[in-house]
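Consider the single chain below, provided in structure tokens and representing the form predicted on its own.
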Amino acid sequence: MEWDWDFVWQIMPTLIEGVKITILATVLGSALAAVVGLAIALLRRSENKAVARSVGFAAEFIRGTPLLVQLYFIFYVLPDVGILLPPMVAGTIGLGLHYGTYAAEVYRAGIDNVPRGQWEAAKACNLSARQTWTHVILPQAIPPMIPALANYFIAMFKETPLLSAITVLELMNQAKSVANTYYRYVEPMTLVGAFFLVISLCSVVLLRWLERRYGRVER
């Protein structure tokens, strides 16, 4: 099958709409993962052993099961118990919860790297637990985490094609729809690869900048 540029320009607006949905899902999923990850990391440090162990078990379970299975569960199983979510919402929740468990490990490592003396200094200054976390610990712990978190969010972007399984009209789903409509697969699938490659390369450049700005680059 020969490459048809006229067909490429014909389907380009549809694929660009898919790119927008893909980026939106990644951004929303990343924001949710950042919040969920921090919540998991803090709850696993709870003095209440039952809470810490329950959250730890849930995080390990989510991290140990495939994202695709979780997406199917959220979108197809939850409606059986009365929880019906739009595809985009279900996909965002699935991405956020799955990668939130990985982000939690990044947060945990960052928090553990804060010198013990900082905790003792906060206690000596009679700071409350909330003040200690918001004014002393997290401002020191989060900046070194940023490159690692960004790496996970790039990985999330590359897994957004899984959202096509729950009918989200992201890039891959749009390409499949176009291909099945016109019975031409070379152009749409090639363009999908090109879009992912370009966006991934731009993300890698951003990641390198974040490593220089916040991380410790070993030489």
Partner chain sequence: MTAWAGYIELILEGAVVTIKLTLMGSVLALVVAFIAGLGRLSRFFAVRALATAYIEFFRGTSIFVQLFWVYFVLPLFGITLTPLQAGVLGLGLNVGAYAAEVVRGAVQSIGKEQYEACTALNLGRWQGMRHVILPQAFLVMLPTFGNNAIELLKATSIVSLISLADLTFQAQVVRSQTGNTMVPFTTILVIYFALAMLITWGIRRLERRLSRGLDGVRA
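These numbers come from a predicted model, not from an experiment. Positions refer to the first chain, counted from 1.
There is another form of the same protein, the form predicted together with the partner chain; it is not shown, and what comes next is about it.
Contact with the partner chain in the predicted complex, judged by any heavy atom within 4.5 Å, is made by just one of L162, A150, I40, A34: L162. Taking the partner from the other structure, the partner chain in the predicted complex has a heavy atom within 4.5 Å of a heavy atom of V69. The closest non-hydrogen atom of V186 lies within 4.5 Å of the partner chain in the predicted complex. The partner chain in the predicted complex comes within 4.5 Å of no heavy atom belonging to V55. Although the partner is absent here, K49 lies well away from the partner chain in the predicted complex, with no heavy atom inside 4.5 Å. At a distance of at most 4.5 angstroms from the partner chain in the predicted complex, all three residues Y76, K158 and V192 contribute at least one non-hydrogen atom.
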